[in-house]
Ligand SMILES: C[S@@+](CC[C@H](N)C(=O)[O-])C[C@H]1O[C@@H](n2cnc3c(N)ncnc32)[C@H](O)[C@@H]1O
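Before any questions on how it binds or moves, here is one chain, the form predicted alone, in structure tokens.
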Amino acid sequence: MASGSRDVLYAEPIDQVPSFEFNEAVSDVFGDMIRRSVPGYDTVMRTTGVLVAEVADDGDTVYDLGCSLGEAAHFVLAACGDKALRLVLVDSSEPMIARAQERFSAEPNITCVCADLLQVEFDKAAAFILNYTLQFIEPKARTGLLGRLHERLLPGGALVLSEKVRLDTPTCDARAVRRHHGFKRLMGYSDREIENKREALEDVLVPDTLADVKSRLRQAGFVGIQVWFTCLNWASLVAYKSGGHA
């Protein structure tokens, strides 16, 4: 995990909580914030590297979209060993991409790009990583983005996708949310911090159901869709383009 400060951004009383942004303050504490907020985060990052290594060969391009501090890319490098990959890290947050650039300054095959994912022209790639990113994109634009990623994948290429998800019924979803808040308390967040963060993310992070995520992937043309990790209201999937390794 990249170094940073402890997350206390929502510890004090806030009269009117502003909408969540990936700004300088968030980027400074993001490593701590996401580890204490997302169940299984370390497992997801490490396994992302394993999944990418299955489909990426020498000379292939891999994209990490919504890369934040570049944690997934770190484990892709570790899992791929001596393979000569081209990694492209994309994030719309200037503070995040600046920190990723600094982190990988000694890696000549890693390029960091500050851009809106919906505006990027992608090269052909062996894999796309989309961890905890699609949930921040307007729902009406999500299937179209997945379709563009599928079109740019090489045959047998993979998409690794992780999301916060809504459960299928209001009762089950409310229970999962309560459990997630319980997890955050165990990770050291106060009730005030949990509530302030929840309010900040309202209408910013808009989760799909897991069924919706799978449906979007199928509509985009993906096959071999597998849910390989779930915990509370968080899920990670891998999906493939037919041909090659798929």
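Being a predicted model, the structure only gives us computed values, none of them experimental. Throughout, we count residues from 1 along the sequence that is shown.
Only in words, not in the display: the form predicted together with this ligand, which the text now covers.
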* **in the predicted bound form, the residue from 112, 77, 125, 96 that sits within 4.5 Å of this ligand by heavy atoms** => 96
* **Distance check, residue 41 to this ligand in the predicted bound form, heavy atom within 4.5 Å** => yes
* With the cut-off set at 4.5 Å between non-hydrogen atoms, does residue 167 touch this ligand in the predicted bound form? -> no
* Answer yes if any heavy atom of residue 196 is within 4.5 Å of a heavy atom of this ligand in the predicted bound form; otherwise answer no. => no
* Find out whether any non-hydrogen atom of residue 137 is located within 4.5 angstroms of this ligand in the predicted bound form, and reply yes or no. => yes
* Candidate spot 51, 63 and 85, all three in 4.5 Å heavy atom range of this ligand in the predicted bound form? -> no
* To do: Choose one stretch from 169-177, 115-123, 77-85, 151-159: the one whose residues place a heavy atom within 4.5 angstroms of this ligand in the predicted bound form.
  => 115-123
* Structure fact -> Looking in the predicted bound form, the residues of 33-53 with a heavy atom no more than 4.5 Å from this ligand, listed in order, are 34, 41, 45
